[in-house]
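This document contains two forms of one protein chain, each encoded as structure tokens and listed individually as structure 1 and structure 2.
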Structure 1
Amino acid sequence: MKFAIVARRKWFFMLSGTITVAGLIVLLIFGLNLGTDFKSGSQVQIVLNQPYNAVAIRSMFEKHGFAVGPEGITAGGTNNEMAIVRLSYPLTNLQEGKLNTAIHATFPKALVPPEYSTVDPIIAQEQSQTAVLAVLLASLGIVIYVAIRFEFRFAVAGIVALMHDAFIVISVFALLRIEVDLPFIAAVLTIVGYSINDTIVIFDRIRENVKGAKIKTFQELEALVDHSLWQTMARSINTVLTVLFAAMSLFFFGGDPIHDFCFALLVGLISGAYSSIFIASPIWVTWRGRSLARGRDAAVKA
């Protein structure tokens, strides 16, 4: 007998529930570490090509008349070879030119010009709002399609898993205080796409097995879904492994600018694979089991 997954669903619900609540608490207390994309001001991302030294960077900025807040300089990248400097005021085009010269003179190995981003916070908010709206509407589209092709319960269970994955990534970023910028939205979108794709394959097998079976009890339903999960287990593991190969090599070798972005992908892909098996299917069993019980009661009455 293989490990019973559905019977232990309470454990997985509790695990995910705990992570979700913890994430919610972190989010409510600390909020997300929003990058300049979401705050007024500028951000300068310098690839130094030499060890990071906050003091040297600060003195360079201040020498040229650019005030940097107490926590304005952080290290980034795989080997801390990148400096991220956040300024609470927007840099003008001419100031950027001035900084280019200063960086080149102080850190000859650094890549000049560095990456500058200056964003009106209202714009960033609008952009993230349209992204959230796009995800919500996409979920609605998925619900409609899956409800027609499968059934409504599958659709809702799939969406719950999808939201779970997106939320876990957001929580992990809030907890680890990793800066959230606009590419982060793209990472969350990727996770949403992967999560639903991964879940549907398992649901398809459950649907197929349900068709040939006459299920009368909750135990039978549980066993059937367990069986389906194990039938698709090799595929579930192999698929997430291949996607992780791609995401991991981007994480380790893809260079500093996409480091955080790939980290979001890694967390989300693992969560996506987990939720398809341990969250989405058990939710469906629980819900379907209830109507099964109701159906039997009705039969007894009649």
Structure 2
Amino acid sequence: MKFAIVARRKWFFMLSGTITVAGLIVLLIFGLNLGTDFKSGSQVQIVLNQPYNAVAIRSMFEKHGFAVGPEGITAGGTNNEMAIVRLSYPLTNLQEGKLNTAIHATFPKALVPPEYSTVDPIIAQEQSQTAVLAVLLASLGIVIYVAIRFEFRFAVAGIVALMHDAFIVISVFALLRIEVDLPFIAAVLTIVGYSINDTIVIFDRIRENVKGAKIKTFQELEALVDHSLWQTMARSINTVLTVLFAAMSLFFFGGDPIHDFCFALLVGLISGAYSSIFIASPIWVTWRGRSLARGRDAAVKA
């Protein structure tokens, strides 16, 4: 069943605009749940070798003077035999020794010492700046490539769709209070790469169809882009479904360390497939259509 996609662009723009505004509100109210990669602190990964008990773990930490935030303890491992404790302050060597003794006394079966990961404030700030720079450089590289390979309007439409996808993932993580760490940045960059690939395939088909076509009206341009979108629709759906199946397998069976990474991929892949079809191309049509109107007005005046 085929339907006019571009003619309904206002509905798709309104949907994306609503999601964006909702995401901004969520970010302003809740902010991001930054992990120790982006703010100073320590992470203690304890292999308990016994059933996970968050209350007992929290009690042990607080009994020995280590404050733990409300969302600071999570279970890990395939059978929840691991506890991951995130502290908002870096531990010193002396404190780690004190904690080793406390863990051994409270959980005799646990592996001691546990695995410590500590990030000081300077490194956390550097990593935050590097992460933002990585996303910006990736976006700039895409704009330059698409502008050279196609045209500037395609580049802008593509980058708007990419920013849409990245923002959707960030908003979902903010709303669900999922920790943002370096694997999350890797997931966002992966989504950016995948989404622009799908968008370029559609743009390439539009460009091929535009060649030789004598487009005089906005309606003809809409029809041509709709035709191009439906020509690539099966390819777009089949590709995203294939990648989604792989990401879902990793999400359910890949284990706790890559769980959040896979979740970000799942959200980004769905958003990327949507924006490639319903956002990027309609933006280009809207912009290109204005050029048609200006050209027609100039011809009438002449």
Partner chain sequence: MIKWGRLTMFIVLVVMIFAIVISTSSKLYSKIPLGLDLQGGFTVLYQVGNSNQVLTANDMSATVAALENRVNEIGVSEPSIEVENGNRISVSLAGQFNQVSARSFLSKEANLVFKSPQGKILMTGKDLESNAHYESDPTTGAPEVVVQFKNPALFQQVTQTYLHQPVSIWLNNKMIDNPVIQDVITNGQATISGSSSAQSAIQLAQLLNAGALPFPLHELSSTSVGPTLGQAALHSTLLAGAIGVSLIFLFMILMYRLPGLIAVVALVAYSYVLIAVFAGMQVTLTLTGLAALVLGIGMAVDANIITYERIKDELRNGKSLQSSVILGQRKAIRTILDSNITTLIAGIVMYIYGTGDVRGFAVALIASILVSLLTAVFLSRTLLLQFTKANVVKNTWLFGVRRKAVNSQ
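Everything numeric here is computed off the predicted structure, so don't read it as measured data. Every residue number counts along structure 1's sequence, beginning with 1. Between two forms, the rigid core is the largest collection of C-alphas that superpose within 1.5 Å.
Both panels show the same chain in isolation, but it is structure 2 that comes from the form predicted on its own.
Taking the rigid core as fixed, one finds a CA shift for Phe167 smaller than 2 Å between structures 1 and 2. With the core held fixed, Phe107 shows a CA shift of 2 Å or greater between structures 1 and 2. Taking the rigid core as fixed, one finds a CA shift for Arg235 smaller than 2 Å between structures 1 and 2. Summarising the core-aligned comparison between structures 1 and 2, the C-alpha atom of Gly69 is found to shift 3.8 Å.
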